[in-house]
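Only one chain is given next, in structure tokens, and it is the form predicted alone.
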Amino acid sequence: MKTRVTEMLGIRYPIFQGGMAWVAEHNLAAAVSEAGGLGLLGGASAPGEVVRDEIRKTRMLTDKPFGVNIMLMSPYADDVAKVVVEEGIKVVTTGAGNPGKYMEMWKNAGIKVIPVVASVALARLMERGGADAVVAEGTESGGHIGEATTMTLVPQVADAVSIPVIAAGGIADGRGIAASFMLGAEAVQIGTRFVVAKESIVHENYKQRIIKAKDIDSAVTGRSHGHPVRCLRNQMTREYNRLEAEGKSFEELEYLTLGTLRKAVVDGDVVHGTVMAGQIAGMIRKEQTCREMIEEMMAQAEKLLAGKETVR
């Protein structure tokens, strides 16, 4: 399935793996790239030298294209922005801010810049600033979210910009990929399903929490302070929402979540940790290799788009 995105990045399938903090490290990114998608390293709040090390470890596992996701609110964003140039990275996705101040440096280095956006206005701003594509991420996704759903956001962004659009949020199988293409996307970004990949270093407790999740298990914290985060319900989310309802300050609530994503991903504490996952978690039922996931999803999507298969 060729699109402007696959042609631009030199990948076989129009599938990005989300740059998830603590999850998107070299083993997962390399496995996705080896399977024909675009693996992404999650820069999160890591120092530049840590990201550099991850890039080099990824290169030891694959010679296929991969990229780096840079969280622009990170205190190390300036350093990571330089590291991707120094290491010859060819594609960068960005979140939590405007990458404008790095754009000239990245473009001069031949880097394809693909910001994550949650609105039409931001998509247009990114296009004017020189972005090569945008990831239109709906509120169904895990982690930090916007307000618009993928179903409404993707077609509006696709209509508003001339650069390619990658759909994200609520996509876990071929049906989601086919639907995204019908809405105007030319690729998709998938996070939650890749969390349970066999190559993922995420603690088994975290994987099983996703695999056993029901459709009603998704929770959002932080709406009242303008910093909504989607994860799976547990004792931490109940405590957070109770304190939020009592009017506690953003600073007090942030202290409650300090280090809790690591606690869940690394230590396997899915009771007190933050189990970030999208609403799609209820559809995920098993661990597979990244290759098995991608080939299964693409086979289904291609049949649907060719009109050779029904939705079930």
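Predicted model only: the values in this text are computed from it and were never measured. In this text, residue numbers run from 1 along the sequence as written.
There is another form of this protein, the form predicted together with a small molecule, and it is not shown here; the text below is about that form.
Judged against the small molecule in the model of the complex with a 4.5 angstroms heavy atom cut-off, the residues L122, G146 and V229 are in contact without exception.
This chain lacks the partner; the member of A160, M71, A178, M103 within 4.5 angstroms of the small molecule in the model of the complex by a non-hydrogen atom is M71. The contact residue chosen from I211, M182, A96, A109 relative to the small molecule in the model of the complex is A96, the criterion being a non-hydrogen atom within 4.5 angstroms. Using a 4.5 angstroms limit between non-hydrogen atoms, A35 is distant from the small molecule in the model of the complex. Mapping the unseen interface onto this chain, M276 counts among the residues with a heavy atom inside 4.5 Å of the small molecule in the model of the complex.
Not displayed here, the small molecule is approached by A118 to within 4.5 Å at the level of heavy atoms in the model of the complex.
Heavy atoms within 4.5 Å of the small molecule in the model of the complex map, among the stretches 212-220, 199-207, 71-79, 233-241, onto 71-79 alone.
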